[in-house]
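Take a look at this one chain, the form predicted alone, written out in structure tokens.
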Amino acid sequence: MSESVLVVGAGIGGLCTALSLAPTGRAITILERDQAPPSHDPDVTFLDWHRQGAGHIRQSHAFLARLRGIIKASHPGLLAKLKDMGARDLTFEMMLSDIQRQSYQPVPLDEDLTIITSRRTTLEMAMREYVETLANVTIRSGFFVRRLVTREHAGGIVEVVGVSGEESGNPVDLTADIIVDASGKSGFLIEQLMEEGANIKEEIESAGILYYTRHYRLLPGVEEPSRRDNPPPNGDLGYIKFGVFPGDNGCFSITVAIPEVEIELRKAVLNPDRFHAITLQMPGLEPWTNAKRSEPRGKVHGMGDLLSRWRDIVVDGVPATRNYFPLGDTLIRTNPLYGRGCSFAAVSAECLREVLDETNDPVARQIAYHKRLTAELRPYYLNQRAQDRSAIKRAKRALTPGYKKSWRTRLLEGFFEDGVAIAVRYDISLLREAMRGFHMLEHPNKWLSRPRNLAKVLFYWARGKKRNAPAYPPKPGPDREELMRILAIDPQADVMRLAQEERVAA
């Protein structure tokens, strides 16, 4: 008899779970607190679809090559549907520098290094409509899961046997063989298990940054800026990061990321006029957002509470639960800088399918799931956490009067800024390998640890800035104090505040 599966949440994680498990023949029911999309029209859905369970739905999103590959291999019909709705492919060729384009010869593997990008509402609507066509999948909208139904098993393990919630105002209890928790960053069910004594280990810290997104639409008859004739549409100035996310149906979004310590700039960027003014000061953004190209649409959408969080549901070889499988933001969260959240959820769903098919033993399933997640995702989690810690230090140092970088700091920055970054803008094979790590197709640092690749990086670094000058991109934007003056912000306000906080702490 086929197993039954209850999935809490019909966001990207829950939908990826359905995509992974549906071909196995299991009966899958997805429980979603919010209502279904109000329309099949992407524009109407973007404006009118309210998702309490996914407050970041109007932030910029993308599907990395790892997720695109899963969809292409198992659900090519979904890939076609995404394109029909206007989702875009950002190809490897689009990532090339001007120097590389002159000699570029495509190889078959380049097609795999492709990003799918669109408004999140369009991505989710396309996935949802496709999942609803799968014979053994049911989505119950308006079902609010309030609690997991549990019982204590031998050894203190908490066994999950179902859920308790409300549907159309009526209390409903459901049971199933497998419970998948894809309730996301706002989910609280896993915390219930921790309160009940489940030995779930958690490590958590701030990513040290906040995100702000505004959407734009190209004017009628106007095309996107050429990537060949304009500066890169993304950049990192230390005190601010930014990027363009081409969307569906003539839309695109600009996301600006600002360190937590830059409080005055964070306040300013929430003002739509000031947000737009910032884009016009960035050489890579201005070709997209100037009045001849596009018009801004709606407010600035902020996203805070950005955490690095890893939860272990198996500790010292002992599972904390039975029949309960959290995934996506419920289990692992990282800074969304590289857009890995959706791919994390998809990879977790693939891991779940593999372990469920391998064994029926509930303990063995939990252990195997934990091992797979650790092997597949832990390297990317640690890589991003290390980058966040470095960025937090960098942002604080920028507000510290008289700070001077140590010799070691200057050396490391020089290696990455004048060595690694320049090498991948010259050498196409190096860029290919670096992109494999970016796209989660291999360990994020593996490409640089290969002796031949490290030798190439050292070669370009040793050549010096003068000989490498053609590979340096233009400066991505103004210095901090210059932008502050343009926005009529006191550049010393946060410097003084941080100094006062450090005096108090001392």
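Numbers follow the displayed sequence, beginning with 1. Because the structure is a prediction, the values reported are computed rather than measured.
One more form of this protein should be noted, the form predicted in complex with a small molecule, which is absent from this view; the next part is about it.
Comparing 315 to 323, 339 to 347, 262 to 270, 395 to 403 against the small molecule in the predicted complex, the single stretch with non-hydrogen atoms within 4.5 angstroms of it is 339 to 347.
Residues Gly9, Gly53 and Ser60 are all found to lie within 4.5 Å of the small molecule in the predicted complex, as judged by heavy atom distances.
Not displayed here, the small molecule is kept clear of Gln384 by more than 4.5 Å at the level of heavy atoms in the predicted complex. Although the partner is absent from this view, Phe188 contacts the small molecule in the predicted complex, with a non-hydrogen atom inside 4.5 angstroms. Of the heavy atoms in Arg365, none are within 4.5 Å of the small molecule in the predicted complex. Using a 4.5 Å cutoff between non-hydrogen atoms, Leu377 does not count as a contact of the small molecule in the predicted complex.
Only one of the listed residues (Phe415, Trp310, Phe144, Tyr104) places a non-hydrogen atom within 4.5 angstroms of the small molecule in the predicted complex, and that residue is Phe144. Proximity to the small molecule in the predicted complex, defined as a heavy atom within 4.5 Å, singles out one entry of Ser294, Ser183, Thr279, Thr122, which is Ser183.
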